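This document opens with one chain alone, in structure tokens, the form predicted alone.
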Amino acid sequence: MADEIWTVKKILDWTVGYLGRKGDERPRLSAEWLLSAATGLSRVEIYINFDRPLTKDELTLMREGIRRRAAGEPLQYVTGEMPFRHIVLKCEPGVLIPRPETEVLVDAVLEGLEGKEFPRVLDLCTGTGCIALSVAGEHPDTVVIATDISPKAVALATRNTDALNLGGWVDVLECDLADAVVPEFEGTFDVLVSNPPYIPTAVLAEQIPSEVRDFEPSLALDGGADGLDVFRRILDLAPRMLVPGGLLACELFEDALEAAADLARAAGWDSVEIREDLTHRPRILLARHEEA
């Protein structure tokens, strides 16, 4: 490959065919993303620059990207980025890749902040920072504290915060849930939001695609036997952290939503709602205590 002249069209066509033979379910999309990452061309610009030859450095980057993608590595790790709502986030191995369904969780948080001036949001298990940064960017004057137990996640979320110039509004802390937040900020948050580890252990081992299971961190995926281990801890923590009438919003495994709602009602939450994701599967739990 390195000794030939490879134009944009030639490498695109070759990559589509090669990745297709390797089992990539969307080889053209993968080829476009890889080529865009290697050349700096947008996906639209790729198709108006078919005759442009790749430089030696671009070809080297493309070859490495093809190798990694053909081995099953998630495309977002290979290209190093992921669009999410109105922003583009840096992604890297060791940190959970944002999912489109999490955008519905952000919608619920933004609804919970309507009409509030200088609201405060606590984002637990922040990962890339996708929720915290979307909320801060889309609801001006929102202060967000985002936490994660993973040093890799904290470092990446911090870089994403800096890249989006949101450092004045988003503070990323390394800790287990809210350990670095209590007691100083107890009872000050309008919303507590989390996309915690929620896949039941057996489901993770037997049903989740290898692209996820083998490459993304189990720390951010495995939610215990029923997928609710971390949710139970969040449910216990939330009343201490929220202002009266504050909103708890969590993304959870589709088959665990009813059990999670029962736990919330048993814990005394007055209002409990289940919402569907973009594919109409139960995904989001919303709960409130009535204001005193």
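Fair warning: this is a prediction, and the values are worked out from it, not measured in the lab. Numbering starts at 1 and runs along the sequence shown.
Here the subject shifts to the form predicted together with a small molecule, a form of this protein not shown in this document.
> If contact means a heavy atom within 4.5 Å, which one of 98 to 106, 73 to 81, 115 to 123, 136 to 144 is the stretch that engages the small molecule in the predicted complex?
Answer to the contact question: 98 to 106.
> Given that the partner is absent here, does Y198 sit within 4.5 Å of the small molecule in the predicted complex, heavy atoms only?
Y198: yes, in contact with the small molecule in the predicted complex.
> Residue-level question: is A220 within 4.5 Å of the small molecule in the predicted complex, judged on heavy atoms?
Judged by the heavy-atom cut-off of 4.5 Å, A220 is in contact with the small molecule in the predicted complex.
> With the cut-off set at 4.5 Å between non-hydrogen atoms, does E32 touch the small molecule in the predicted complex?
No - in the predicted complex, heavy atoms of E32 and the small molecule never come within 4.5 Å of each other.
> Taking the shortest heavy atom distance, is E251 within 4.5 Å of the small molecule in the predicted complex?
E251: yes, in contact with the small molecule in the predicted complex.
> Tell me, out of A155, I149, V212, A180, which residue has a non-hydrogen atom within 4.5 angstroms of the small molecule in the predicted complex.
The option sitting close enough to the partner is V212.
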